[in-house]
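Only one chain is shown below, in structure tokens, and it's the form predicted on its own.
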Amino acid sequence: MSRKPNPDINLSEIVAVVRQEMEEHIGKGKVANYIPALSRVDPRKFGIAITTCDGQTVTSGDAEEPFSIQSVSKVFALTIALERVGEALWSRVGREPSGSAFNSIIQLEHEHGIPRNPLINPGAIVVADVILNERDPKLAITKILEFLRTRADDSSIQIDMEVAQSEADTGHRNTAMAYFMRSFGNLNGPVYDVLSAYFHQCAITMNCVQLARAGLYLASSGTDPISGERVVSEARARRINAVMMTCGHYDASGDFAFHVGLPGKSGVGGGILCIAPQTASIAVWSPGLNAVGNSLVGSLALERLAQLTGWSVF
């Protein structure tokens, strides 16, 4: 669905309204305490940034405070993997909603080591394996980091090494899934190397302004509308958005589509990247998570934003 930005929308006013209405909810939810480095984040943080396809940026709250993007990174890793192997990726990972927790191992056994989609943990591990291509994991990590720096037009984006170590120290289920997929022949690189790339990818820190800017190519048919650079084809951008819409919020993806109506990807660091096609890229951050691991306040804020702007694709 294509649309042109509505010149009558005052984004600054709308974002101010959203921020005010979220005040009563800020602090609710539970931070991701199963990753020690994330358990210390203040749950009362809230930031939002919107970057439009015509280059306007509107922010509110803690929009310039870095946070661990966690699974939001899977969108960018998917972009890189598709550029590397194209449609061949879909022989190793599906495109269907999982209907299960993001780290479920049950489906992997029933479906012979083929993850349901690239935005849940086992699917993202396969994507990391594609990017790694049996090389030094530092090269894969650097490729993802440099891609994000370029897309955000900000060379200061870094990896939080404490978070990466926390991921490695507590990622036993991810390790189990990786070995399980390797037993089915769906992982080519050494498990340790693949997981190193994956854990470091999830430990990238960005703020809402950087994240909204980085996702802008998905809002503009695969082209960065500010630099004019073609990042991916129009068809590929549309397909990445489709996967985000159907699979971007784990087993609550349908609920997010119902309430917000925009492609999005959440992370347990409390961030959500959302795409309004032909209009804007939106990033919100609030560390308190709901029962399925998505930002509680972030989801509410995006629902209200979609209502006030009319940006829902439905």
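Given the structure is predicted, the values throughout are model-derived calculations rather than measurements. So that there is no doubt, residue numbering starts at 1 and follows the sequence shown.
The following text describes the form predicted together with glutamic acid, which does not appear among the structures shown.
Interface residue remark: D160 is not counted as part of the site for glutamic acid in the model of the complex, having no heavy atom within 4.5 Å. Among heavy atoms of F258, none comes within 4.5 Å of glutamic acid in the model of the complex.
Although the partner is absent here, T59 sits far enough away that none of its heavy atoms falls within 4.5 Å of glutamic acid in the model of the complex.
Although the partner is absent here, C202 sits close enough that one of its heavy atoms falls within 4.5 Å of glutamic acid in the model of the complex. Here the chain stands alone, but in the model of the complex its contact with glutamic acid, taken as any heavy atom within 4.5 Å, falls in 264 to 272 among 264 to 272, 23 to 31, 39 to 47, 59 to 67. Among S220, N207, N174, S98, the residue placing a heavy atom within 4.5 Å of glutamic acid in the model of the complex is N174. Taking a 4.5 Å heavy atom cutoff to glutamic acid in the model of the complex, the contact residue among N186, S196, T79, N121 is N121. The three marked residues, T52, F147 and D224, fail to reach glutamic acid in the model of the complex, with no heavy atom of any inside 4.5 Å.
Interface residues of 237 to 257, taken as those with a heavy atom within 4.5 Å of glutamic acid in the model of the complex (partner not displayed), are limited to Y250.
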